[in-house]
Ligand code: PA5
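We begin with a single chain expressed as structure tokens, specifically the form predicted on its own.
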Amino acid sequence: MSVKLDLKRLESFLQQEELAAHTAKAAQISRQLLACEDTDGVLGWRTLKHSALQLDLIRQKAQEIRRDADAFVIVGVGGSNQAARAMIEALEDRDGPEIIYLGNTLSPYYISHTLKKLEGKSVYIDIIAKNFETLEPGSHFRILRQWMKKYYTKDEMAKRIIVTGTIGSRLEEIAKENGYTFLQFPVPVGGRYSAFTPVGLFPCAVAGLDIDAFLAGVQAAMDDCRNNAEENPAVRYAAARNLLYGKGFDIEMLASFEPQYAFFAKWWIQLFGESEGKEKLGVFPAAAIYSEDLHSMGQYMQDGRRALMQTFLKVEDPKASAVIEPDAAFGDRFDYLDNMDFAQINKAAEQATLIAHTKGGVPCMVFEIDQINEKTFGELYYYFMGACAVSGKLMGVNPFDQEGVEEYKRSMFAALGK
């Protein structure tokens, strides 16, 4: 596997026997989740058969957009764009149209400035909404249609608008009424579990990413979770973090020394925050990108309240090099860095942080990742989804609903006169 989990730094926080027993319990929950009938219609993410739909259409339409578009606008909020954005923003060595994001804010400043960025460009849009009742994508679809009408005929708009929603939804009806391309948002998959459905796959294909390598990573993690029930990273991570939660570590910091994971961290925060934050329970998810955040949050991590656990995303091969050349004549007193690669410097800072935070009383778990690429993204997404499902069950909450989110929506719609 290209992604592994190292828990050896937990030895001073957890007894080996209790971790083994809790891992066995987590493994049993995982087996049940992977084998049970999906009576509630929420487990479609377990297999590619029920999630990675319409691959031929995705490839065909993505090829057209990559050929004809200057800008591709992804319109979605939360789980409807986080996974794709995390990969697209991380894997910048690609070609194709500019990727622009809407549907994720109600800020008039952001919306108006984004529309200005589209002026003079060949534009395609993808509206992503599972039930097409969420305010952000619905309102942004309307304002984008109004903008597009100024530049395109109805037939041209039909070619340039893609909608991703559930079969039988109003969004599918709109697609049929207007001739838009319709992609399925699988009914038994929640937004935050939709990374390897058309929700995530289509934008990544348009961006020029290798969706076959991505799906190969997903499948590898799926097989690992089914074939190695107590040894896979999803189960071991769920067991360890749940044990730590029971000992009072109720805040988790996801940290990486690679800024490429900045948007992945936002996806991870949504996954665990929306899945576990119920019934006054749940680990509070936070994230930091080091070394920058060491100069702000580093003090708290080292000496603040000891309610923190930390999960690192550690990349073995950064696929990049930046060597510091000697410059003795300048006299800047950094000669100890002569001929040193920033890959070495970054790893030294990472290792020092792990040591310091562990000694300071922060339990640290480490996901070791070969490289940041499509395959390892696929593995990470599936492992974290599996871990989240198991962790929620261990806590006694339903990891697949989000009634708290629905409550704010009801209040907002009432305020707007719906």
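All values reported here derive from a predicted model rather than from experimental measurement. Counting begins at 1, following the sequence as shown.
The same protein also exists as the form predicted in complex with ligand PA5; that form is not shown, yet it is the one meant from here on.
The partner is absent here, but in the predicted bound form a heavy atom of 129, alone among 129, 207, 225, 87, sits within 4.5 Å of ligand PA5. This chain appears without its partner; in the predicted bound form, the one residue of 233, 217, 137, 198 with a heavy atom within 4.5 Å of ligand PA5 is 137.
With the partner left out here, ligand PA5 still marks one of 329-337, 108-116, 77-85, 297-305 in the predicted bound form; by a 4.5 Å heavy atom cut-off that stretch is 77-85. Of the heavy atoms in residue 185, some are within 4.5 Å of ligand PA5 in the predicted bound form.
In the predicted bound form, at least one heavy atom of residue 402 sits within 4.5 Å of a heavy atom of ligand PA5. Put simply, residue 274 is close to ligand PA5 in the predicted bound form: some heavy atom of it is within 4.5 Å. Taking the partner from the other structure, ligand PA5 in the predicted bound form has a heavy atom within 4.5 Å of a heavy atom of residue 191.
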